[in-house]
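One chain comes next, on its own, written as structure tokens: the form predicted on its own.
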Amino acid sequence: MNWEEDIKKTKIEFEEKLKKIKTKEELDNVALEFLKRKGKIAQLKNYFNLLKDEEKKIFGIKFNELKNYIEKEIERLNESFKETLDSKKFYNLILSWPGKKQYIGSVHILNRAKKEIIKIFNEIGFSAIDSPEIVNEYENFDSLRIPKYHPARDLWSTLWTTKKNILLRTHTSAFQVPYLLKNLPPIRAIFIGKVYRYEATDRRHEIQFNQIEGLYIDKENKVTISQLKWVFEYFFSRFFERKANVRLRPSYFPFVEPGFEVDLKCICKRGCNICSNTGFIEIAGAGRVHPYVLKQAKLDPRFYNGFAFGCGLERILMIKYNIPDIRYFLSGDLRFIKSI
């Protein structure tokens, strides 16, 4: 009975079996064989009952060394098998389960359209100018021949602030005179931004919407109505991606003379709901800048002239994409935003 030989044999046997291990299951079997309650390590404990007291101390040291060695080796192999298994699972996951497509957001249709419109007008020499949304009474009304008794000044059309004579602009034309006072002709400019009307909302009307305002001022003999018509034809042809047939109908606006309603020929052939079976869609207002407005801008109407035009951004988008309700633009409904 030689306990030293048994400890050496147990260690050699364990190392031989360790070399042959290739799977996690084989490692678990070896661990059970050596470390279970009645395994080979437990059998070596029987020497404690047979040895003398002076030998028990030496045996105990060697026994613990062997047991700790076997436990560490099994733990080390367990970790390596775990890492290999995890990497295989990750690899299989990448191959068999494609990632879920995430909606990371996009540019809102209104902002996207503004950039497109600015690009189109830049092609024909118009510059995009930032304009304030909060203006005074003179800029919004008086400078544009809209007197105090005009219905547009009524509470039901205008959103006034608590500060006297200060309001949220009702049209982008409010920046015409302030801009002309700071810049000398020739001028080709567009103002795009929000305007506000205090009115009931429905599918065609909103309390807040966007306008596109164009302004062209030059010497008297360089400005014609045919140029105005050409600007509309160029812009609408580029924006709607089809040849635009535009007509001008006489109309009245306080700050232009003569004034026109601008109609765009509908894509239908026999009439439809969009054009109310007329074949044309009312899409903008325009005209030659009134001499009164030029005088407010310190320009002599005998030497300078020009034209101005304006249309609703939402209006032309509703026509382009067949959108039935203007309220969709500010609804925050992702179904609408993603669909365009």
Ligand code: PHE
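Keep in mind it's a predicted model, so treat the numbers as computed, not measured. Numbers follow the displayed sequence, beginning with 1.
Form predicted together with the named molecule: not shown, discussed below.
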query: Heavy atom of Tyr304 within 4.5 Å of the named molecule in the predicted complex; finding: no
query: Distance check, Phe34 to the named molecule in the predicted complex, heavy atom within 4.5 Å; finding: no
query: The named molecule contact in the predicted complex: His171, any heavy atom under 4.5 Å; finding: yes
query: Heavy atom of Lys114 within 4.5 Å of the named molecule in the predicted complex; finding: no
query: Residue (of Leu180, Ala189, Leu264, Val256) lying close to the named molecule in the predicted complex, criterion heavy atoms within 4.5 Å; finding: Val256
query: Sole residue of Arg145, Arg238, Lys229, Arg197 within 4.5 Å of the named molecule in the predicted complex, by heavy atom; finding: Arg197
query: Partner-proximal stretch of 161-169, 117-125, 103-111, 205-213 relative to the named molecule in the predicted complex, 4.5 angstroms, heavy atom; finding: 205-213
query: Within 58-79, the residues that have a heavy atom no more than 4.5 Å from the named molecule in the predicted complex; finding: none
